[in-house]
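The chain below stands alone and is given as structure tokens, in the form predicted on its own.
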Amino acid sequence: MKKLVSVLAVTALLLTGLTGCAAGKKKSSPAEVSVPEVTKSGTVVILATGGTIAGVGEAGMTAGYEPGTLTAQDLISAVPQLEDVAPIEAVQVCNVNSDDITDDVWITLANTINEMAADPDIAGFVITHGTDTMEETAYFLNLTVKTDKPVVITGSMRPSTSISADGPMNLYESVCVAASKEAVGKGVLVVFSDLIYTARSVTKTSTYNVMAISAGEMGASGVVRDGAVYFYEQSTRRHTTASRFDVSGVNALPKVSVVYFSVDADPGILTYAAKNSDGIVIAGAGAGEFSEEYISVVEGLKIPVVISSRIDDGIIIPSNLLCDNTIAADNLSPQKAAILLRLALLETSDTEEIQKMYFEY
């Protein structure tokens, strides 16, 4: 415990050098340049779910740690500059490795945000989360949160006890974005390593790098620099208040299985998945392609089947489909295509109607 307290104290000490969102001392320069400033507004609520950002391990090491150890209050205490940005309220939703996130946690997060957002004193929300499934939680909330107030998700690639832990800075910058009027109405965002991403495009691209969070060919939407928030792009797809999906009265989501195609993949996996799922997403090769054996099974399935790709970038359109009874995932990854299908199945199993959703969301 002494080691943990010591590490948190050192982290807080290191962060005293940060230039806060509020006005403070700044270096003189030959020419003064006007930049966006964030003034204190309403409360930012930090909803903690665990992950590496709350992880503790051997001092200095980046692997072999225990995720979901620190509490929301621990994370806040390590970054005293947060209070210079906005009043902070902490909510501990859960404290787990993000591989243990469930639809129950998703629904709880969405409903908690929707309820708290009605409070005029609350300016925005930050969710601390493990990076492994961060993109999935972000996209789910992007489709189910019913507020224009900023909802920002962040985490870290290094535990709190490592050298140069990235969690404190990511948390600080996320609060800056959540408190910023510039972020209002832009949907759920992910803030990581100085960059801002939309929930629809964000993805994890490395198992270890502090720049592991990216957005592929879609790119970042903005940057955070010394607490100032700059936006350059935003999503045109329907989200948050413009989304049709509502989980306020939902206890669980329909089950969707993701099946990964590879050379000699056993088509029996599809048969098994169909018996135990309400829908299937196939992570096909190239533009969503798979073998003749797969085709023969897919053509006989009676549940919705969405075709995505195991390729990082690109788009799948209806003319790419090998089977008439399947649905094109557009440019959604298999894991995000599964989220949209789970929500769609709350309303319909009609493939034509579901296909429309993939080009709206």
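All figures in this text were calculated on a predicted structure; none of them were measured in a lab. Note that residue numbering begins at 1 and tracks the sequence as displayed.
Although not depicted, the form predicted together with a small molecule is the subject of the following passage.
Undergrad: Taking 151, 187 and 198 as the candidate spot, are all three within 4.5 angstroms of the small molecule in the model of the complex by heavy atoms?
TA: Negative, none of the three is within 4.5 Å.
Undergrad: Could you tell me which stretch in 96 to 104, 111 to 119, 225 to 233, 262 to 270 has residues with non-hydrogen atoms within 4.5 Å of the small molecule in the model of the complex?
TA: It is 96 to 104 that comes within 4.5 Å of the partner.
Undergrad: In the model of the complex, is there a heavy atom of the small molecule that lies within 4.5 Å of any heavy atom of residue 132, even though the partner is absent here?
TA: Close contact exists here: in the model of the complex, residue 132 approaches the small molecule to within 4.5 Å, heavy atoms only.
Undergrad: Please check if residue 204 has a heavy atom lying within 4.5 Å of any heavy atom of the small molecule in the model of the complex.
TA: Residue 204: contacts the small molecule in the model of the complex.
Undergrad: In the model of the complex, does residue 156 come within 4.5 Å of the small molecule, counting heavy atoms only?
TA: Close contact exists here: in the model of the complex, residue 156 approaches the small molecule to within 4.5 Å, heavy atoms only.
Undergrad: Evaluate residue 52 for contact with the small molecule in the model of the complex, applying a 4.5 angstroms cut-off between non-hydrogen atoms, and reply yes or no.
TA: Heavy-atom contact with the small molecule at 4.5 Å: present for residue 52.
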